[in-house]
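Single chain ahead, by itself, as structure tokens, in the form predicted on its own.
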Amino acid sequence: MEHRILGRTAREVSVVGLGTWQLGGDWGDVDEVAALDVLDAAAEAGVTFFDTADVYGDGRSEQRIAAWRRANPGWQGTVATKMIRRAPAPSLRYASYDAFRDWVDRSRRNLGVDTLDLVQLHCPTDDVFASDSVFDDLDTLVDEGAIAAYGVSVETCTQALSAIARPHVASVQIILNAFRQKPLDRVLPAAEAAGVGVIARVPLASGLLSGRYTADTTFAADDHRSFNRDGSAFDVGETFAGVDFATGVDAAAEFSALARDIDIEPAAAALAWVIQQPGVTTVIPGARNEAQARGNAAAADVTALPESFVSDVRALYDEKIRPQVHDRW
């Protein structure tokens, strides 16, 4: 597995990481044994970066990672978590040092560590990114040894660019996939120039780009792909990358055909497309079972995608997806 330096942390992380939202909640039920099996399979495939958050299952995801690490003390990877979504609103009103300290200490307990590897502000509102005091408080947490580094998780490219301009922001996490290409325009070049890591999330557009869904596919009631299609629970861009399901299924069928024309499975092609974008550090697909975890990791072995494929993917985006998403985030 190829490794890259994660921005200003100086840590090497695998180009394919593991997103663990699904190990905590909002993707249907994943029991304890299955969750640990996913972590096992990812680590065995060379994954050295796990991404979690304090709100994934109200801490369940962090706790499962901690249990797995206790059973696998030889794993020398990086665990990134997030904070601020436990507040009534992820706004400046709740972005105080005391709140940060409480959330960080809770995550330290959940993960069973003295110092968190990386803490990311979890998709806060614009006023948080504009506040000098927020980043001063994060610097204080680093100085105190509670966190080793901090980054941000964002919804919009404007937020990403604001964070990249901050001198101690180590990484930016942003939605990037074949159906959300706007970060290619300015965010990735700016991050690369500043030495800020890019963590690409929702790389399969909530599974659309795996090519497995049809217009008749249904999801569990407690799966965000059922309850957040209209954005009533959180930003709609987190579900199917903001693309309406019917359009997404149709476009994903075309993407799958393009991938199979070059003898690559659609999910692997979608992940490889992200990995091979200049400026990307790691991509963090989720996995609900061992086979998915291994398949995701194998995308790191895909050789350079043909220029014809890349061009066709861009044309597909421009024709079917861009009008829905490009100017929204």
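For every residue, the number given is its place in the sequence shown, counted from 1. What you see is a predicted model; the values in this text were computed from it and never measured.
Not pictured, yet referred to below: the form predicted in complex with a small molecule.
The partner is not drawn, yet in the model of the complex one stretch among 63-71, 256-264, 283-291, 39-47 has residues with heavy atoms inside 4.5 Å of the small molecule: 283-291. Using a 4.5 Å cutoff between non-hydrogen atoms, Met83 does not count as a contact of the small molecule in the model of the complex. Taking non-hydrogen atoms only, Val202 approaches the small molecule to within 4.5 angstroms in the model of the complex. Taking the partner from the other structure, the small molecule in the model of the complex has a heavy atom within 4.5 Å of a heavy atom of Ser210. In the model of the complex, Ser14 stays away from the small molecule, with no heavy atom inside 4.5 Å.
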